[in-house]
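Shown next as structure tokens: one chain only, the form predicted on its own.
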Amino acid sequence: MSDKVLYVMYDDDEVLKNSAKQLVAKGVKINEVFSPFPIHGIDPIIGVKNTRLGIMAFLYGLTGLTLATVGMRFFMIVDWPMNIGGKPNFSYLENMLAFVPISFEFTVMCAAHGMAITYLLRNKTLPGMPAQNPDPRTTDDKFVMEIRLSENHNVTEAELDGMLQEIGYLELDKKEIK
């Protein structure tokens, strides 16, 4: 089943925001906005939900802290106990304060790497993944709004064209995607 998609191009982010406000007020659902930089305030207009990346960062940090604790205990107490600075080496609890910097650094490292990889996977921007960008000019100085007709059952294509003509745009591109 194919879907018709409208790519509406603008050359100013404020014009795009105003157009998006007017279209959403008329009941049009905007699927995505492509821009060369973040447009502050566009997310609530087009209905983008808040991210759960912070929750994932916390879980990645807990994973890092757990791995650091298990690793330090194994390496310094079980596998190869060493007397460093006169600290006893038969108990992890007595040495725990010496391991705070390592625990902190490993927690931060795991949280940062986990968030970066999750972000790249979620946005499908890992190296080797095909680009989802409809027009390469959106990486330079243009802004594109994507409207899918399959998500706008209450508006016909002719009505949508009329609304877009009223608002004004730089270019309009219609594509069939499968």
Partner chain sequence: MAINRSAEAMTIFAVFMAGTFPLIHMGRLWVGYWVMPIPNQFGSLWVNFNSPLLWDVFAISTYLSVSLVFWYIGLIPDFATIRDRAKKPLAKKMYSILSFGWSGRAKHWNRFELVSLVLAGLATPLVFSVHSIVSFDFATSVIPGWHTTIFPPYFVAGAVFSGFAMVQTLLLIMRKAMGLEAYIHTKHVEYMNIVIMVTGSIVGTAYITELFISWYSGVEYESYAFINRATGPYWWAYWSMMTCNVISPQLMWFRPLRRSLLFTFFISIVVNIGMWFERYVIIVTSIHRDYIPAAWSMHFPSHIDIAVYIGTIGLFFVFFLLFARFFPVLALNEVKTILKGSGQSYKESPDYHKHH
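A quick note: this is a predicted structure, and the numbers were derived from the prediction, not measured. Residue numbers count along the first chain shown, from 1.
Omitted here: the form predicted together with its partner chain. The next part is about that form.
A single residue from the set L149, L59, L65, L120 has any heavy atom within 4.5 angstroms of its partner chain in the predicted bound form; that residue is L120. Contact annotation for L93: none of its heavy atoms lies within 4.5 Å of its partner chain in the predicted bound form. Using a 4.5 Å cutoff between non-hydrogen atoms, S35 counts as a contact of its partner chain in the predicted bound form. With a 4.5 Å cutoff on heavy atoms, H153 does not count as touching its partner chain in the predicted bound form; it lies far away.
Not displayed here, its partner chain is kept clear of V70 by more than 4.5 Å at the level of heavy atoms in the predicted bound form.
Shown here without its partner chain, the chain has R122, N123, K124, T125, L126, P127, G128, M129, P130, A131, Q132, N133, P136 in 121-137 lying with a heavy atom within 4.5 Å of that partner in the predicted bound form.
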